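Read on for two forms of one protein chain; each stands alone as structure tokens, with the labels structure 1 and structure 2.
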Structure 1
């Protein structure tokens, strides 16, 4: 095995060209408005709902999902307790996960969700519906500002843009492939 490593590295060294320069990436910027973020996110199937604050999050969630009961959250009273060790069967039964999004990117409607905010790495995907709370001031214009702001991606983290979707059958867009069937962003 290590034999292949040495063999590959030697072949790479022998075959790669003279060093070419690594360019600096200029800080392209753009419209970083909440309006742009909202328009783009809604265009890719997300729902954006402004709320007053997170004190009555349970009421908001109840209004949005009147028939779903099993909620896992770091931000409100949970009916399902989830942590990194939660068994799969319990995770699979979660209807709604309500989590904190770190910041949004206006150009593509994506939201940074680090592992620290997930309760369990599988939760944002396995839940039927995902709700992310986002500070409306935390919007950056483009991915350049997004990665600059991040500095580190931590152990695991996702840029998440809308609900799970697919167009694998005849290019027909279907929302709700394997991950969450819906994404609601609560703007505070």
Structure 2
């Protein structure tokens, strides 16, 4: 052994503890009901609106946002065309983004939104109002089930929960400070 480094590494290698089996991880369960999802999401500032289907999505969105006109979506007629190369100035002018959520998580009111459903990575953050369409059968109880559902997804995506919000030490809550001013989930 020619140097201190080799001596230290040899001593570490010779003094390894016995391998032990990994502990059993308990199955995490929870309440995956629509009621739990709705209660949590509304508690953090979101809104849940049940709808029968997406055939009249444009009518529902118009009723919810009667004064907003600039819509970006692949689920309904859009007045703003958005893709991955859309300049930020165009994105900043979007009033409403209507996007397809993949699944929701009841314990924290989040919705998984993969990049493929975003039109542009910045759109869910820069739009004034974010509307996510979600199949009511696609709600899991906990984040443990959510990550298991994701599996080995390699693409970018985000879990969204409620509208953007921030608060300071004086407990002044500001909605829409760093992203969408509102989040509405249309449960199909």
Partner chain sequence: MSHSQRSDIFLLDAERTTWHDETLWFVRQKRDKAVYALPEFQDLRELASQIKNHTLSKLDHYLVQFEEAATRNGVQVHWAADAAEHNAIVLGLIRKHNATRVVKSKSMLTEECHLNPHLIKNGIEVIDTDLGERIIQMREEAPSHVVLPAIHLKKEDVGDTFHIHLGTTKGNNDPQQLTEAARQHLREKFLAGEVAISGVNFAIAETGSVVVCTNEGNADLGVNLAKVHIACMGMEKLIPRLSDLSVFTRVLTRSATGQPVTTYTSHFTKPAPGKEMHIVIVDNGRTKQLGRPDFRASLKCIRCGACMNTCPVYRRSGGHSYDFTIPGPIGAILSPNIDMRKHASLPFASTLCGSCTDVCPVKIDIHTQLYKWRQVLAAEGEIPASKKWSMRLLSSVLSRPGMYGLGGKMARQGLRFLPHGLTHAKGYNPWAIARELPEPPKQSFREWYEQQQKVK
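Positions refer to the first chain, counted from 1. If you're wondering where the values come from, they're calculated on a predicted model, not measured in any experiment. Definition used throughout: the rigid core is the maximal C-alpha set that superposes within 1.5 Å between two forms.
- Looking at both structures, it is structure 1 that matches the form predicted in complex with the partner chain.
- Once the rigid core is overlaid between structures 1 and 2, residue 16 counts among the residues whose Cα shifts by 2 Å or more.
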